[in-house]
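Take a look at this one chain, the form predicted alone, written out in C-alpha cells.
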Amino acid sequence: MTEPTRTGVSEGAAAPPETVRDLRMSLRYRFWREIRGNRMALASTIYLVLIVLVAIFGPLAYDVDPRLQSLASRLQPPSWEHPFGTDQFGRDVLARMLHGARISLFVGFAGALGGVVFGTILGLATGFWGGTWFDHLAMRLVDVMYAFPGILLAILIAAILGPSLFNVIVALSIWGIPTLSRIVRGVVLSLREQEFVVASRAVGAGPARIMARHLVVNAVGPIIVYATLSVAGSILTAAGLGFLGLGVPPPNPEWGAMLSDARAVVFRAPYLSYFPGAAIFLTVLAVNFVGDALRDAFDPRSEVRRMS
C-alpha cells in the first residue's frame, strides 16, 4: 500500500480511471484474445513473423549477391537455378527480393517509429500547454503539413533531401507526425484537468513527470494502433518513393524500385513485377489486419459489448 502524501492523496492513487483495472484484464491479454478470435488477424500475424524471419535469415540461407550482373543470364524465367528468374541485368530476383525485404521492412518500421516518437512528443506538449502560443504555433504548422496529401508531402521532402536510405526515413517520419500529434493532443486535452493530473500537480510533479507517467499511459492505446497502421503506410509510401526514383538509390534492392525496373520489360518478363508487387500488397494488407485487431482490443467500447 502506498503512503499518503500531505494532500491526502497517495501517489499510487494517481492512476487514471481509464486503466486496465477498470476492464479487469490486461490489454495484452485482450490483444491476444482478439488475434485468436480473428482468423485474418491471426494469419496476418503469422505472415508478418515469417516475413521478418525471411528478411533476417533469408539472405544468409540463399547466399547469392543481389547486385551481381550477368548479361548472358538476363530475363530468364523462374527455374531451379533461379527460382524467381532474373531481371534485365541478369541479377537473381529471389536474392533481390530477400535483400529488398530487409530494406523495405527496415525503412517502413524506422519511418513509422520516427513519426510515432516525434508525433507523440508534439501531441503531449501541445495538449498539456493547450491554448498557449506554443500550441497555436505548432497546430498551424501541422495544418500547413495537412495541406499536402501524405504521399505528396513525402515526395516533396524526399525530392528536397535527395534519394538515400536515411533521407527516406526522415521523409516518412515527418509524414507521420501530423496525424498522431493531433490524436495524442486530443487525448491529453481531455485528461489534463482530470483528478489524477491535479493530484500529481499537488504533490509537486513537474510537466515532464506528469506527461511521462500519467498522460502518455492513457494515450498508449491510440498510439499503438496508429503506429501499427502507420507501418503499412510507411512501407507503401517507401515503395512509391522507390518507384519514382526518390527512394533507396540503385543498385540496392528495394521492392518499389524493383517494380519500377520491371516496367520496361513488363510484357516480356511479367514475373519481374509479380513478386515485389505481391510482397508489398500482402505485407501492407497483413499490417492493416493486425492494426484492426489492435484497434478492437484497445477500444473500451468493444470490451463493454463483449462483457454485456
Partner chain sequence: MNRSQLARTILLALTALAVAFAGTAAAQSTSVPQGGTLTIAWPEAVNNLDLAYIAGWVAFGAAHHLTDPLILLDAEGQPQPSLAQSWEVSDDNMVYTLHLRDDVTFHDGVRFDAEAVRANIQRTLDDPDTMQHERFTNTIGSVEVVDDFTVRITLKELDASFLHDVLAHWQVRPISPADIPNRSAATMTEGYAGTGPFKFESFVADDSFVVVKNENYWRGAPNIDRVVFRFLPELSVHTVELLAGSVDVSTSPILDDVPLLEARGLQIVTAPAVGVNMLTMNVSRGFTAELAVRQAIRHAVNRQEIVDSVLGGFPSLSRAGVPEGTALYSESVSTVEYDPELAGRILDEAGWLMGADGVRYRDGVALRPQFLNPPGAHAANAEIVQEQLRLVGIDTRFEVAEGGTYGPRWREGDYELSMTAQGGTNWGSFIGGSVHPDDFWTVNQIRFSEDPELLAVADELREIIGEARSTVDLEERRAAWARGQQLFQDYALTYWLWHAPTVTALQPWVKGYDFYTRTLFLHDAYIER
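Positions refer to the first chain, counted from 1. Computed from a predicted model, the values in this text were never measured in an experiment.
Below, we refer to the form predicted in complex with the partner chain, which is not included among the displayed structures.
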Exercise. Looking in the model of the complex, is the partner chain within 4.5 Å of a heavy atom from each of V197, H214 and R295?
Worked result: no
Seminar exercise, completed: Counting only non-hydrogen atoms, the one stretch of 246-254, 33-41, 55-63, 278-286 within 4.5 angstroms of the partner chain in the model of the complex is 246-254
Exercise. Is V170 close enough to touch the partner chain in the model of the complex, meaning at least one heavy atom pair within 4.5 Å?
Worked result: no
Exercise. Any chance M139 has a heavy atom within 4.5 Å of the partner chain in the model of the complex?
Worked result: no
Exercise. With the cut-off set at 4.5 Å between non-hydrogen atoms, does L48 touch the partner chain in the model of the complex?
Worked result: no
For this session: Please run the contact check for I160 against the partner chain in the model of the complex: heavy atoms, 4.5 angstroms, yes or no?
Result: no
For this session: Taking only heavy atoms into account, state which residues of 39-69 are within 4.5 Å of the partner chain in the model of the complex, ordered by sequence.
Result: D65, R67, L68, Q69
